[in-house]
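What follows is one chain in structure tokens, specifically the form predicted on its own.
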């Protein structure tokens, strides 16, 4: 039997399988000259998407992967907005025929092809980011060389492989180190646990929300092997809970423009992002007391990226995250980092979610506000008193509101900016100074 190249759920796919999947496309339509092709792809069958991507990448084609849950009209709009010449939409490559598009933009074509991505950040407004496959190959080499702890592990990718985190770090990095990634598309938590049990020495790529859910249903006698976190660092109580249920908890940090730029194989405290990968250089503050914007410079191209994250390096050269620059709250000249406030409230019995954000204040310039979700209705007066015993005066929220849910953007992120713009009448309880 031919060695599997990757698994999707329980099905193995070899290189021969991938060749058969893409064979109907070879030499047809836009694929007569793949290097000139700028193709949007929205396929329900994950194996067909991966086979297509692995075929087109070395041929120098430019590809925009679109999440399989995207409706046709929305996929067409995304494809046109990003300058794609064709759209492949359907269940799989047997059913999907390339649809020629009249692009709304005419982007410069990258030499050697590009991976086109959409980044929504915290604003929810899509932004087109095109990275050359050459740059991605440099990131892959740096990622594999830097993350040696992953070498004996089997990646289990329980996140979209149409996104750079799942595709580059989960699938392509696994193939780079000679491993066979297991891609999970059935996101039933019990199915994912069964997949993890089938490969005891696993490296799980998943969203923090999904990892937290898996931990909650994991029997007390079991632990996960290795878990990678990405995105905004977790609050301290959540991080500590995960550390107790994993043999190893890792954190990686990056952005759509540069990919993964820092990684730690052992995240021991909130905000720890690890040491920089060798394909980039990073600038940040020199201590927690003197943080600065995290600036990325991609070696080779010289491209500079201001992440608008506030961070610093410690004495061991490890990067730490404090807050998004835009989210930092300046109370009468003193910086308040939302994560530091949220960590405290998440220790209060019954509180499951807490989001601190800012609003303008005529006296202090800005003031701290808080929304939280709890298992039961809490006494706000008691919470106010407790706040003063556990926070510095400038950190104590001026407004506290208990809500049923924290509103999130379509990408699942919380926008503190939108919370800041919420009408004042939605804020229920004011804490006297």
Partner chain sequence: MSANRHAAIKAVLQQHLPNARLSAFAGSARLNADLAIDSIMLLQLIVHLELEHGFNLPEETLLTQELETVDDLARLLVANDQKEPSL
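Positions refer to the first chain, counted from 1. Fair warning: this is a prediction, and the values are worked out from it, not measured in the lab.
Quick note: we don't show the form predicted in complex with its partner chain, though the next part is all about it.
Within this chain, residue 130 is remote from the site of its partner chain in the predicted bound form, having no heavy atom within 4.5 Å. Put simply, residue 194 is close to its partner chain in the predicted bound form: some heavy atom of it is within 4.5 Å. Taking the partner from the other structure, its partner chain in the predicted bound form has a heavy atom within 4.5 Å of a heavy atom of residue 190. When its partner chain is considered in the predicted bound form, residue 213 lines it closely, a heavy atom lying within 4.5 Å. Exactly one of the stretches 266 to 274, 214 to 222, 330 to 338, 291 to 299 approaches its partner chain in the predicted bound form with heavy atoms within 4.5 Å, and it is 214 to 222.
Proximity to its partner chain in the predicted bound form, taken as a non-hydrogen atom within 4.5 angstroms, holds for one residue of 186, 180, 304, 286, which is 186.
Site annotation in the predicted bound form: the residue of 209, 148, 362, 73 reaching within 4.5 Å of its partner chain with a heavy atom is 209.
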